[in-house]
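Starting off, we have a lone chain in the form predicted alone, written out as structure tokens.
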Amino acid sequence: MDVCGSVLETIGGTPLVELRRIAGRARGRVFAKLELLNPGGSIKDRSALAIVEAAERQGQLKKGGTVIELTSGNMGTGLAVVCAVKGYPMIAVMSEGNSEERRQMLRAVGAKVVVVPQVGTKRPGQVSREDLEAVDRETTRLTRQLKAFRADQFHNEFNVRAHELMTGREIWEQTEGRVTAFVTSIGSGGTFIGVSRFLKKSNPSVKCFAAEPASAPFIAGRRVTSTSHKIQGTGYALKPPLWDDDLCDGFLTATDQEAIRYARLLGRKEGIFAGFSSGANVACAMKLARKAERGDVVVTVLPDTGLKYLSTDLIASNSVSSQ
């Protein structure tokens, strides 16, 4: 029988789809890797599996041990999926600014969710750098109290390696080495750093671009007007601890409005229901494609499914009155 021994065997190997209907007459071709098809609904499943299995090999995580992580929802869900299969208790610490769907997904796959109040005024659907710092403090406290294993995605090299050994290699093979540019939004930086490492080792001429929210282009060294925005899981106005300037050929930004517009276009033109960061990534990929040479191949990732944002303004109302 051609079956998987567990859902963990379905992580990775996601398809690469050309966005012909969105790209239209742009000179470059735009391809999107459907990371929303991972079992936890996001790209973070790759890092979660790599981090947990590395911790097991190194003796940091043993039978009965508890896993804990600060999360906007995606890494937490990925870890919860892995922990459900392997039998570890999982605690996800997240800001109340993250969407309710993310909390419900975590609980559905067995995680305990600790919700941290937002700093200052409540901003549903938006998480600032200050909110992240509050979540980090609570995660640190709980890790010490419970003597838990903290996945620590911002500092854990296996977050990067998962994308270097898997995502980057898959993109290279799926494009048959024709990729000319790669762009993705920056949160922990794992996807950008890992994929860029592999692509540049394979072909140093591949250009890799980091995307940030328009209000918080911190890594690019530009003025930050607000660390609060709708592109959850990205743009915390901090340089990831594992960041490597040599991998970055330039920076792009997307506004909340651009992220929403392109997320909606993904659904209406390509039949792909994706989240805010996916919309931001495609918006930035389109900026590259319009200025590219004819036939250039621009690749981005769609980090998570739109099902995690049903309570937000991501989805436009298409209802028609029956009267």
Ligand SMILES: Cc1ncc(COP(=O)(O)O)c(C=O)c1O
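Quick note: we count residues from 1 along the sequence shown, nothing fancier. This is a predicted model, so every value here is computed, not measured.
Only in words, not in the display: the form predicted in complex with the ligand, which the text now covers.
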**Asked** Is residue 92 a contact residue for the ligand in the model of the complex, using a 4.5 Å heavy atom cut-off?
**Response** no
**Item:** Contact test in the model of the complex: residue 191 vs the ligand, heavy atoms, 4.5 Å
**Value:** yes
**Request:** Please run the contact check for residue 38 against the ligand in the model of the complex: heavy atoms, 4.5 angstroms, yes or no?
**Result:** no
**Message:** With a cut-off of 4.5 Å between heavy atoms, is residue 77 one of the residues that contacts the ligand in the model of the complex?
**Reply:** no
**Prompt:** Want to guess which of 218 to 226, 233 to 241, 84 to 92, 113 to 121 is within 4.5 Å of the ligand in the model of the complex, heavy atoms only?
**Reply:** 233 to 241
**Asked** Taking the ligand in the model of the complex, which residues of 39 to 67 have any heavy atom within 4.5 Å of it?
**Response** 44
